[in-house]
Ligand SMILES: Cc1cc2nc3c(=O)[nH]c(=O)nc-3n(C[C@H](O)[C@H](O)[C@H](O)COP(=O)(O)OP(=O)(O)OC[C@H]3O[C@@H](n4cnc5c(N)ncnc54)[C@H](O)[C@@H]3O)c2cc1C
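First comes one chain, alone, set out as structure tokens in the form predicted alone.
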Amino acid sequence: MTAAATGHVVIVGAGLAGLSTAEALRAGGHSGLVTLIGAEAALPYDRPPLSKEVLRGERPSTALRTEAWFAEQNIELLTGTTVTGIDPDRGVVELPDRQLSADVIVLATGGTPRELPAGVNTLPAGHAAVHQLRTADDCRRLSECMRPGQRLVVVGAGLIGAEATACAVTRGCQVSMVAHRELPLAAAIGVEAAALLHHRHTTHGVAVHQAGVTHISAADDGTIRVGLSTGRILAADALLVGIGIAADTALAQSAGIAVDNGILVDARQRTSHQRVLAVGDACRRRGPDGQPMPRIEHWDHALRSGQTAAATILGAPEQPSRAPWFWSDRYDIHLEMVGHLDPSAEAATRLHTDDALSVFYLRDGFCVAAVTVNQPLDTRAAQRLIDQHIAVTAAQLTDPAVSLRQLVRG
């Protein structure tokens, strides 16, 4: 990268990853122009609360910074602006009404909600009863229909679907959840924790259906019908489709940048073009062997990949890697996951109570991942065990009498 001191850095995407890039550039001493471009009209905001506190009506705004902060940092913020193209060779970012010259382009384009297979949804495009949950506007629309007694069908039982279901239950809705798998999230957090979480829906009155969706149609009374692969028909006032996101790679692809289920980057967030970096949900990192690793869509990754990109632009040393981390809240459960789950790893369960446990995963005498339920201190310990590569045994981790803090201290 060549913009260490005075170059113009244009960041496409004003979510957390883009914002963290801009913020870290200024914190690292970058004195050149920094332009942050967002397609939404709102100030950059935090997404995780949209499926939690905001949807429950407990928090009106999740703005990450104020307009005054951008002015103080001398960061040009362009909201409500869609980038129509980039030309990395010439260092040009195309806007609808002009061009920006850029020494470095950072793609923080995020993702877009996945849609049901073609032909399943026969409702007109933009039907008022069909929802997704990605943006603040999506959250507002969904929240407006979450009235007591309303019948909501949620398709998808991953993080977003499960958290939105819990919010709807809290707000008095009658919720039916449609999950393709018997234990959603088991591949990410393990069977034990996945079972504990998924069964929570049933105990809170949610009708859980393991099925696929075959069709969605309008009924004469203004409601909708959701047909399942089991033959069952669900009547609903509203439908939330929460089946994940796809990386938004359109700009990268049109510019000839290497893409494979995400914009491919190295450990410093560099893409296949020397002028372009990519961060956040849109990027997919190559491993030490050069092969693409699983794409990460979590908050912590968005924050840290932006910081890494800024360090790369500034020519700063590479920071030590940290195990990935994410969390989820639903009902009375706070889940955290750290590391990459390895199905072949040895599982060591530390049971605190029926509703509080931690499962550590070990390989060759070292912790490689852990999932905790209502045990955030165990998560912090696991993070350090992984990051500092501290040898540990299953017997130590499963014994509540053994202090995890002492294990970390050695």
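Fair warning: this is a prediction, and the values are worked out from it, not measured in the lab. Don't overthink the numbering: it's just position in the shown sequence, from 1.
Heads up, the form predicted together with the named molecule isn't pictured, but that's what we're talking about next.
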(message) Taking any heavy atom pair closer than or equal to 4.5 Å as contact, tell me whether P48 reaches the named molecule in the predicted bound form.
(response) yes
(request) Check whether T82 has any heavy atom within 4.5 Å of a heavy atom of the named molecule in the predicted bound form, and answer yes or no. (result) yes
(request) Please run the contact check for E336 against the named molecule in the predicted bound form: heavy atoms, 4.5 angstroms, yes or no? (result) no
(request) Look up in the predicted bound form whether L277 has a non-hydrogen atom within 4.5 angstroms of the named molecule, and give yes or no. (result) no
(request) Using heavy atoms only and a 4.5 Å cut-off, determine which of R65, R384, K52, R26 is in contact with the named molecule in the predicted bound form. (result) K52
(message) Which residue, A238, I160, A194, I216, is the contact with the named molecule in the predicted bound form, using a 4.5 Å heavy atom cutoff?
(response) I160
(request) Go through 31 to 39, 66 to 74, 349 to 357, 375 to 383 and give me the stretch that gets within 4.5 Å of the named molecule in the predicted bound form, heavy atoms only. (result) 31 to 39
(message) Under the 4.5 Å heavy atom criterion, name the residues of 112 to 143 that approach the named molecule in the predicted bound form, in sequence order.
(response) L133, R134
